[in-house]
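First, one chain by itself: the form predicted on its own, in structure tokens.
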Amino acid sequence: MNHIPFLVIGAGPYSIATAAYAKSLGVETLVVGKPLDFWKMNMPRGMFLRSGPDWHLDARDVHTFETFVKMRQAAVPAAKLAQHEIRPVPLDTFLDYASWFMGQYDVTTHNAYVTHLAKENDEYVATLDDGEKIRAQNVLLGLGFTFFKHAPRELVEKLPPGSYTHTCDAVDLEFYRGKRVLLVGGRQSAFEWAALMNEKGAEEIHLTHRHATPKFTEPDWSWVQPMARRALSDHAWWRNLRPDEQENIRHDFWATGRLILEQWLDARVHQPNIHIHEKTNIVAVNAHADKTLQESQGKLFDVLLDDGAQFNVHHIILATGYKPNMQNVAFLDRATLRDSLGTVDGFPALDTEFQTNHKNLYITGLAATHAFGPFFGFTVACPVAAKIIGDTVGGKRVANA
């Protein structure tokens, strides 16, 4: 059994950012997971990110995204420079940056998945799907989004089995060529999936959402990074705010991220075969009654909305986001970890260094947003979490040396 001072489970942005910083401090670190796997497998090709070019992964502020882009732009002829602009940021460009960043810090990964994590005395034992076992003094759970896709119960109860899937499982957009699709949701992901599906040849697309359709405009994210970085000088600033102060910031962040759709989507979704049903709810969805039609076109579902609209579709896609619930993290040993893990509304209860109530077990990313603020669901806060966790683990290494 291998023994490692710092085991990082997951290889998403928060994980590789923390691993890179910990390694720069001299902490022996092992990352288990496939690099940016969720981003590669559960986000569609052609997608753009909402992040600003000043959002990056480096807690040392050296190997930033802007540095990577300038380096790449310098390598292309001036005539082709426009092809390498980063507003908006293409998914593939950020993936290239993440790979380059890992190389700068010599961050490599053990390309396996953890199937079981248990606490034994004062350490942790991880079992991997390749049969290997690893014992670690410190563990970081970089859980990302995989375990937390959200499908509202009141919605799912209206949908026939086999009629729907979540956006993160609907990324092979070529599959929807010639098909009719209903997207449930009215935020950025719903509209971007609609645009990409249409551009891949979907026959007809409907979007339904309970609220008014957000406006298409250029969002202002400039205030977000300075606020996220406040945690570097005061780890507890978010939790020390009054509830109404937290709510005001959440609202401002929500307004920027959810009450606005990116301007570059406007023309792409205002197409004759894309129908937007704002301020509507699904009343009923039933298997189409015409067996002959089903035999010729495949499985069909009749949809009724509460504004009276009726149409039939081949597929229903839930653009309903993600909601952390630590009980969904199945690899956590129930007896030694999961049942005794402190939580608040499904989120892990974390101290000011991202540590859970289990000593030396840390959690970062989306699951940390309750304790540290909404910024930690986005890459903007990767360097912040990396430095706080890295300094904590690195400080223990120095103290124990």
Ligand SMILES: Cc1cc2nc3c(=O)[nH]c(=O)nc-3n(C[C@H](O)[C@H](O)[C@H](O)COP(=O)(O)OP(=O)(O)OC[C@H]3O[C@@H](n4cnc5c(N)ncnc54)[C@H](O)[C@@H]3O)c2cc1C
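Counting begins at 1, following the sequence as shown. Not measured: the values here are computed from a predicted model.
Keep in mind the form predicted together with the named molecule is missing from the figure; the text below concerns it.
Shown here without its partner, the chain carries 47, 55 and 378, all of which come within 4.5 Å of the named molecule in the predicted complex through at least one heavy atom. Here the chain stands by itself, but in the predicted complex one stretch of 241-249, 210-218, 97-105, 146-154, 146-154, has heavy atoms within 4.5 Å of the named molecule. Contact between residue 347 and the named molecule in the predicted complex is not found at the 4.5 Å heavy atom cutoff. Taking non-hydrogen atoms only, residue 37 approaches the named molecule to within 4.5 angstroms in the predicted complex. Although the partner is absent from this view, residue 43 contacts the named molecule in the predicted complex, with a non-hydrogen atom inside 4.5 angstroms. With a 4.5 Å cutoff on heavy atoms, residue 186 does not count as touching the named molecule in the predicted complex; it lies far away. A heavy atom within 4.5 Å of the named molecule in the predicted complex is found for exactly one of 11, 393, 384, 20: 11.
The single contact residue among 360, 352, 51, 67, judged by any heavy atom lying within 4.5 Å of the named molecule in the predicted complex, is 51. Taking a 4.5 Å heavy atom cutoff to the named molecule in the predicted complex, the contacting residues in 320-338 are 322, 331.
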